[in-house]
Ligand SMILES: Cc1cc2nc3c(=O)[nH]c(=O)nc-3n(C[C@H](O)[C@H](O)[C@H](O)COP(=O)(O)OP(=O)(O)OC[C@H]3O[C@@H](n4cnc5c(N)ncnc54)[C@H](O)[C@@H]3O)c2cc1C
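Below you will find one chain, with nothing else, as structure tokens; this is the form predicted on its own, and questions on how it binds or moves follow later.
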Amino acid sequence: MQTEVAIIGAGPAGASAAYSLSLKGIKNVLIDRKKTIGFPVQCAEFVSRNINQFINLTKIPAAINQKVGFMDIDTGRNLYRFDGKGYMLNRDIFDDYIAKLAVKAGTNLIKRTNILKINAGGNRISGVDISDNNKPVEITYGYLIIAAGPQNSFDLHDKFEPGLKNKSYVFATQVKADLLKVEGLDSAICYFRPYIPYGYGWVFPKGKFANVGIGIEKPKVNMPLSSSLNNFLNEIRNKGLIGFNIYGKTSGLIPVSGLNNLCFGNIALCGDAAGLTHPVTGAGILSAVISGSLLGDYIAKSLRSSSNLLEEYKEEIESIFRKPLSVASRKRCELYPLMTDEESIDKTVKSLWPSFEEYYG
């Protein structure tokens, strides 16, 4: 198969890139290993209302589980409340919607296909069709977009430039639980505790249920995720916030090393693959949509002008994200080691979490 643009990964970043390309009449192939786009969900599912500037959620009400008005920070000693207007998504519906927009505009979506090798010198990617007895698949491209999430296992036939991969991660695990205090809960709550080192816990409401999880940076700490999660669940249950029933569990990686090198020749990265998640909060949905849309625009311009404009894409992304991600990465490295007990957490979190004025001092 031959295409002008191949895109690995049909999450918000890759699908947004595909949609942007198709709207401009650029032939593209969007490849994902999943059978159902957006499932399973590996995300806490909160996104700020700024998302409407790029994806109008009023057109997909099924993607919104509930609106959130506040962000609460619980340090064990104090509870701090901030304006935090946003949405709790039904992330599977959200992801599937963007992919369908792309397909409707002209994108060729190929599911159940696992890309294993990138031959950058030959402008080829190869893998297997999981749905057809691992039948070999080979695609030749003019430009390649890597939007395959935080981590990939591609066999790179040609040496990539340094800095094209994430270096450190928060390992996260999350359950779906009954939310007992449904009435009036209009906040996404983040918990900082000594038993959740180099990370935090969260209770994000979804109607009668809640996403309840923890994230810890490894290998900086050796605490088992299961132990930390059990401690957290017990604390939240004792507070009467959630019940004992668990309706599902998921886990995933959140890159926290900051922005990667965004392009190499005719290959470019966006979304989590580019390190576009906030090193402290872990937020990445909005930046995935922004980076994917911009990358699609720049590749379309490149093809029309017969000039590789990926360096301009890199410059624009860096102008938007480099400083805030660098600041967050530095604060993560400097401040988390100081947060060893409730007293130090309560003092230090004000310089760590971007909702506080002290963060910008």
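Just count from 1 along the sequence shown to find any residue number. Quick caveat: nothing in here was measured; it's all calculated off a predicted structure.
Although it is not shown, the form predicted in complex with this ligand is what the next lines describe.
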Does the 4.5 Å heavy atom contact test between Q42 and this ligand in the predicted bound form come out positive?
yes
Does this ligand come within 4.5 Å of any heavy atom of K314 in the predicted bound form?
no
Is F46 part of the interface with this ligand in the predicted bound form - any heavy atom within 4.5 Å?
yes
Partner contact for D74 in the predicted bound form: this ligand, 4.5 angstroms, heavy atom
no
Among G106, G142, G282, P197, just one has a heavy atom within 4.5 Å of this ligand in the predicted bound form, namely G282
Within 4.5 Å of this ligand in the predicted bound form by heavy atoms, the stretch out of 245-253, 231-239, 260-268, 216-224 is 245-253
Relative to this ligand in the predicted bound form, which residues of 20-39 have a heavy atom no more than 4.5 Å away?
I31, D32, R33, K34
